[in-house]
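A single chain comes next, written as structure tokens; it is the form predicted alone.
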Amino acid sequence: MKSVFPYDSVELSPNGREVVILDQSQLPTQEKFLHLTTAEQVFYAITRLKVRGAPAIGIAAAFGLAMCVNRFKTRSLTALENEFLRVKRYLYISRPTAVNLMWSLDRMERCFYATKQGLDAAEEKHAIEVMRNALTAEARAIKAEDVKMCEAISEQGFSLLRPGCGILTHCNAGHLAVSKYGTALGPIYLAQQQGYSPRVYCDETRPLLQGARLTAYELTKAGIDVTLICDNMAASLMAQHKIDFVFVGCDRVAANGDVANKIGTSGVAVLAKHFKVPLYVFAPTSTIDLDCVSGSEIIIEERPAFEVTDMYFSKRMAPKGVRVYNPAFDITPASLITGIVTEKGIIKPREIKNLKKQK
């Protein structure tokens, strides 16, 4: 599978001392790369959506943890451990809904203690170096595995498509949201490369416009036939039979098959059910949380009012003092989902609970 971008949205510098991200808050007008060198900068980049998308957030957090360990000056393994745990706890709370964030940081912690336990007498002299190398390698492995998962998910999703089909997307689940290729957009890129000429309708995805700013940007750059629509135009397109599939990503899948994704996904799912349009959720297994019984247990992040009233407008578009409700995500019930596309195959939502938990 070919990548249409010469860069990835999140990288760890060769020396492991910088996290390099494409600042997605500047797109589509400017491709600006940020070089992050502190835990606070990584935290800010995640909370302010300079890096976004559940897999990309998880990778950025793992890279951030490795970067902080590499930059921390000490000769004491105990001091390094204390700093590692401090940064891990700090990054853990940067965004509460995307399970990849917690999953990747927990995996880094398991690596820390496995490495510490495995140190022999000869290595104790160089314990700091051994630990830094191990954590850097683990963070890079998390990204490399995500690349492979995206390739596999793209192939699974491609199997659903036929030449010339119409696909509706919501938010951005493409190259920018992961390590490379994308989840929900990955099959579209593959279909284009195979000569299928897919027709894509991307809704703008209020209030942060990830569809307009990011998905339309990606697909246009790849030469794909893409049409931007306002969020409230999806029903009109479905009524005209222009939509054959709805492809969306996700931030967490509960054990019963409920899905947390960008606000508005559940509304699209209701429309798709009414118009008998199949809706597929694209999720690497790292996004599946079998400890979460149902969507009602998922914490929904609420974001600042200015994102609705001021952001991306030249002038404020609502009266001062008006109350604003701005949840970042909503829960789509399993009953509205046709299938969940993972790197292991296309799974019915009710079958999610049967997956072995990934460590």
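Numbers for residues come from their place in the sequence shown, where the first is 1. Computed from a predicted model, the values in this text were never measured in an experiment.
Beyond the structure shown, there is the form predicted in complex with a small molecule, which is absent from this document and is the topic of what follows.
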**Complete:** In contact with the small molecule in the model of the complex (heavy atoms, 4.5 Å), from 236-244, 167-175, 193-201, 216-224, is stretch 167-175
**Message:** With a cut-off of 4.5 Å between heavy atoms, is Arg95 one of the residues that contacts the small molecule in the model of the complex?
**Reply:** yes
**Message:** Residue-level contact is defined here as any heavy atom of the residue lying within 4.5 Å of the small molecule in the model of the complex; does Gly157 satisfy this criterion?
**Reply:** no
**Message:** My question is simply whether Arg52 lines the interface with the small molecule in the model of the complex - judged by any non-hydrogen atom within 4.5 Å.
**Reply:** yes
**Lys262: touches the small molecule in the model of the complex, heavy atom cutoff 4.5 angstroms** = yes
